[in-house]
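Taking the form predicted alone, here's one chain by itself in C-alpha cells.
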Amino acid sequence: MRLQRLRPNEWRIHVFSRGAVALFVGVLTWLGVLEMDPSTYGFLILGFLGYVVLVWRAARRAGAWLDWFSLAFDVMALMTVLQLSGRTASPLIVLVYLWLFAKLTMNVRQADAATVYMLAASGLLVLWLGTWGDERWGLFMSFQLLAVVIFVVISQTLLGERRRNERDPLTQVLHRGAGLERLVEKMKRNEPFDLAFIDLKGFKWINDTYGHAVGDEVLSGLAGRLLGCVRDQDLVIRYGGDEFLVVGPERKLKERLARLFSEPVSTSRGRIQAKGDIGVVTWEPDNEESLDALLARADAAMYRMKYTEPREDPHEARGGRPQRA
C-alpha cells in the first residue's frame, strides 16, 4: 500500500484546496445552513492554520510521514465537522466522497487494491464516528456502507483500465509513453535511483531464424525476468523493439540484473539463449539533469558495454542456438 509523495508545490496546492473547503464551511455557517456555532468554527480555523504552518514549513524536506499525517488530519477534520454540523443531517457528507475520489486521483499512478481499501476504510471511519450518536445512525450507516462499496468497485475498475492502458500488450511492462511519464515523476520527487538501458543482441537473427512469434516469446520471457528483478515501486519500460529501461534501487540495480541472460529463454521452439548489453547509471537529485540527458547517459553506458566486453562465439552474439529442454 503506497501513497503518492507530493512535491513542495503540490503540497501547497493541497493546502489551498483544503483552505477553499474551510472557507466554504464558513460561508454555510454564516448563512445559517449549518447548525454550527460561529465560535466553534473559529476554533476549527485555528487548528487548520496550525496544519497549514506545519505543511508549509515541512513540505520541502518531509518524507512519506507527511502524507500519512495529512491523511490523519483529513480524517479527524471531516469527523469533527460532521459532528458539529448536523451528523446524519449534515449537508457536508458529500465532502467525504469528494475527498475519497480526490485522494484516489492524487494516488492513481501508484494505487493498488490495498490503497483503495485503505481509503474506503478511512471514509467509513469518518462517516461512522462523524455521525455517531444520531438517532438515525444505524439506517444511515447501512446506506453509507453500500455507497463505499460502490466507491471500491468503481475505483478498482478505473485502476484496472488505467493499468491496461499503460502496459505494452506483448510484454505487460510499461509502454514507452507511460514509462517515461512515470520516470519524469520519479525525478521530480527527488528520489535517487539507478537506470539501466538494456539492448538485446541478435534479436533480428532470432526473428529471421525462428519467426516473429518466437521472437515475441523471447521478449515476453525477458520482460518477465525483469519484473522479477525489481520491487513493486520500480519501473520496467519497453523503450523500443528490443530495448528496455529499468529503474531500480540506487547502487543495487546492476547486481539485480547480473543474471538476466544467464539462462536460456523457454519458447515453443526450444530454449534459446538470449544475449544483451546493459548500461547502468545513477541519478541523484542534485544533478538537475533532464530526462533526455539521463537517457543519453544510460545509452552511452550501454554502448560502452557493447564495445568493451570480450568477443563471444558468433552464434551466441546473434542470440544463440536453441537448446532443447
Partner chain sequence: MMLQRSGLQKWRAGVFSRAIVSVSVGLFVLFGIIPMEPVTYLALTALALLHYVFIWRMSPRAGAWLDWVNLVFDLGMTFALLQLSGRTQSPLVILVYLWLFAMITVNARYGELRILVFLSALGWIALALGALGGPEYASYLAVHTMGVLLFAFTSLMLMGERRQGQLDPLTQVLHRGAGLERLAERMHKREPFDIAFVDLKGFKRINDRYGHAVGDEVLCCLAGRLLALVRPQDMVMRYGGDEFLVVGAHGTLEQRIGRVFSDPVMTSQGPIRLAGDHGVVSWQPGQDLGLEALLARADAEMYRMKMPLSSA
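Positions refer to the first chain, counted from 1. In this text the structure is predicted, and so the values were computed from the model without any measurement.
FYI, the form predicted together with its partner chain isn't displayed, but the following is about it.
Among the residues 72, 113, 98, 121, the one placing a heavy atom within 4.5 Å of its partner chain in the predicted complex is 98. Residue 106 is the only one of 223, 230, 187, 106 with a heavy atom lying within 4.5 Å of its partner chain in the predicted complex. Judged by heavy atoms within 4.5 Å of its partner chain in the predicted complex, the contact stretch among the candidates 188-196, 139-147, 77-85, 251-259 is 139-147. Although the partner is absent here, residue 299 lies within 4.5 Å of its partner chain in the predicted complex, judged by heavy atoms. Although the partner is absent from this view, residue 305 stays clear of its partner chain in the predicted complex, with no non-hydrogen atom inside 4.5 angstroms. Within this chain, residue 91 lines the site of its partner chain in the predicted complex, having a heavy atom no more than 4.5 Å away.
Although the partner is absent here, residue 243 sits close enough that one of its heavy atoms falls within 4.5 Å of its partner chain in the predicted complex. Although its partner chain is omitted here, in the predicted complex none of 39, 182 and 291 has a heavy atom within 4.5 Å of it.
Residues from 160-175 that approach its partner chain in the predicted complex with a non-hydrogen atom closer than or equal to 4.5 Å are 161, 162, 169, 170, 175, in the order they occur in the chain.
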